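First, one chain by itself: the form predicted alone, in structure tokens.
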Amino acid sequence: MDIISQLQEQVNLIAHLAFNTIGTLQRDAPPNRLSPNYPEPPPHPTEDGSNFSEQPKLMSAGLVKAAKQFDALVAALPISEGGEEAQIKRIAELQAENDVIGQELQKQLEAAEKELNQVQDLFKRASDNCLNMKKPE
């Protein structure tokens, strides 16, 4: 897998972890009193008896690990040589090369279409000749 695909996968992983972390924290967070004017909220029952204070630490550790892996992948990217001007020049060269190759391919396509038409015409003539040579019964 190339490095760009790995970066995309890592971004997807970070998004997945962030989504799950926020959702879990929202779901499992104990209720909090909004104002002294409101009554004390009822206690939040935990189904598995897990300690809520440990969840954010574990989830943030997962996010930090994924972010560090992303940073390592970014650091492994090749360094562009010559700056932005050199990249723009290289893009222009590649575009010109692409245009030349595109024109050559267009000429080859036109020649192939011409040859196809010739073959189809010859096939039509041959089939007409075969039908004309057959004796009626």
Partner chain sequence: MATATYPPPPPFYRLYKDYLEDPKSAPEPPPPIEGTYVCFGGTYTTSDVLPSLEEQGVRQLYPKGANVDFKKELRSLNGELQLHILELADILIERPSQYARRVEEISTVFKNLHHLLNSLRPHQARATLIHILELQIERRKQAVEDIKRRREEARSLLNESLATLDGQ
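Keep in mind the model is a prediction, meaning the values are calculated, not measured. Residue numbers count along the first chain shown, from 1.
What comes next is about the form predicted together with its partner chain, which is not displayed.
Interface residue remark: residue 29 is not counted as part of the site for its partner chain in the predicted bound form, having no heavy atom within 4.5 Å. Taking non-hydrogen atoms only, residue 132 never approaches its partner chain to within 4.5 angstroms in the predicted bound form. A residue is said to contact a partner when one of its heavy atoms sits within 4.5 Å of a partner heavy atom; residue 12 meets this definition for its partner chain in the predicted bound form. With a 4.5 Å cutoff on heavy atoms, residue 98 counts as touching its partner chain in the predicted bound form. Contacts of stretch 87-113 with its partner chain in the predicted bound form, defined by any heavy atom lying within 4.5 Å, are made by 87, 88, 90, 91, 94, 95, 97, 98, 101, 102, 104, 105, 108, 109, 111, 112, listed in sequence order.
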